[in-house]
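Next up: a single chain in structure tokens, the form predicted alone.
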């Protein structure tokens, strides 16, 4: 790709600032079509004749391991007789503070761009304008742009253009765009300007968002706007941002004379509140508006109930996904992290694929998984891998098998399995190489049941046996390799035999379960030989804890499923609707607008869990929505006919809600399930786009596509 173009850069040191490249050219006739193909090491923002090229925010996205995506845009409507191309360039994910390994194999390289503009004239001739020695560059008005730290911008700064530096970098890393563009979505107006007890001026947007903002100010030259971003207020009502850790998350703007507007181009923040440290003139609700930014994924799933708090939870799950699906599935969008943690992605994958169309989104990220995996021999904790890594962790590395299989089930496209099958096998094979005991995943470092509430004092890990957790996921990943292999017509006898050995060894080695999570995994993954006894043990543990959970990242996604699959659906509803700590609705009661990282991110006294690791926009526990879709409302894929080509709809209502509904826009059309109480009975409204099996009170009905009342 871009065979005639050259990599070009600013000739001096531009670390953390944002150079501006420029090329002027004349059109030689009437234009039929014009396209530009462009990419960068770093993130770019491009304009042609003052008009933005494309809508992709933070292009070319977060890529890695010798793979840089190229974008092609139609710019026919932007071409004039005389033309100017401008490209702004920041470090982005490539060399900014977010990249602890400094670009890894690109450590010696500087941020740069490469582009080719193709003009097709109406007379049939073509012309290309490429990045080369003829371009010029200067420092822009942005003296600092960084994903963690924000932006410093001086509206009065001017610099002179100088010739670009041409770099002899290879082009083998260039690939066509695979991922989903990140674009602007909602504009959110603030709901209030607060004067805090500490005397601070704070803007409240009423909703935590990921993105940037538009600023409008009437000022004099040299006046300063200084903003800082935060998720929550402390128990006294003061601005709080210690949980951002080292991320400065600020914006400084030196004004010119008069009314002016500004919108950042190459960074983003996660925030609900903005502290206004300096602002010339009158600050009003029209001065700053938030702009929501996330991958261009289509909303496909909807949930609704008779319980307002539950509905707020559903909204929080959606906002958590939007805030963290910014080119990759991140853990959080605000602090000095924002990484593609594999564990978070796999536990949320099913919910994610029902809420939004994420097939292409995950296809790109899973390609990154495989490329990192090939390089280091196993699946690292975060993808792209920019922090270095220890040995793989169970339930995190298993994203390599769980995510492709779930995307296949939701969308029915074998390509994801074909593309990722080597990765799936490679993950299982790597466990066999590192384990200390054959047929178990044993004696390796793991995250365990991360943030489980039964953790010993001073530990982030729950009390569940790490070797048991790891071995169960070893079995599950092996089973998924078997299932994927059968779909693809591969010989998987080796993995079939391995799966049987793993399960037998687990049952022989781990005969008792001492935590909620251990019981959940034994039930959900079909390890327990006496399911009735283990289900009762789990139910008794929950009852003894006041109908409250103690599970962390590993146990929580499967908790309600394990209960409902074993005759305890009402107890599962008790957990879903519990509003005392710890519970999903506890955070809602505390005013959350996204999903918290910790059950007790803020305790009942208003104190924060910690300053070290306490995100208030962390989507993993939002995985509970897949139970609402698939069990409470009963919309289920059929493994033999994936992608909702056939559907099983088996709702499980409760007297604890007056009504509950779910809908998913599938590849075959809309499926919806709604139940409600009426005259002492339950009425079910079912719509299916394909032949389906509907199960009502244990009785099965085979129905054709259509709408039905039961």
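Because the structure is a prediction, the values reported are computed rather than measured. Numbering follows the first chain given and starts at 1.
A second form of this protein, the form predicted in complex with a small molecule, is not displayed here; the remarks below concern that form.
Asker: Quick one: does residue 368 come within 4.5 Å of the small molecule in the predicted bound form, counting heavy atoms only?
Answerer: Answer no; every heavy atom of residue 368 is more than 4.5 Å from the small molecule in the predicted bound form.
Asker: Can any non-hydrogen atom of residue 626 be found within 4.5 angstroms of the small molecule in the predicted bound form?
Answerer: Residue-level check for residue 626: no, no contact with the small molecule.
Asker: Can residue 613 be called a contact residue for the small molecule in the predicted bound form at 4.5 Å between heavy atoms?
Answerer: Contact check for residue 613: yes, within 4.5 Å of the small molecule in the predicted bound form.
Asker: Though only this chain appears here, would residue 337 touch the small molecule in the predicted bound form if you measure heavy atom gaps against 4.5 Å?
Answerer: It does: once the small molecule is placed as it appears in the predicted bound form, residue 337 has a heavy atom within 4.5 Å of it.
Asker: Please tell me which of 151, 344, 466, 228 lies within 4.5 Å of the small molecule in the predicted bound form, judged by heavy atoms.
Answerer: Residue within 4.5 Å of the partner: 344.
Asker: Using a 4.5 Å heavy atom cut-off, which residue among 553, 441, 348, 269 comes into contact with the small molecule in the predicted bound form?
Answerer: Among 553, 441, 348, 269, a heavy atom within 4.5 Å of the small molecule in the predicted bound form occurs only for 553.
Asker: Based on heavy atom distances of 4.5 Å or less, which listed stretch (131-139, 447-455, 314-322, 536-544) is in contact with the small molecule in the predicted bound form?
Answerer: Stretch 447-455 is the one.
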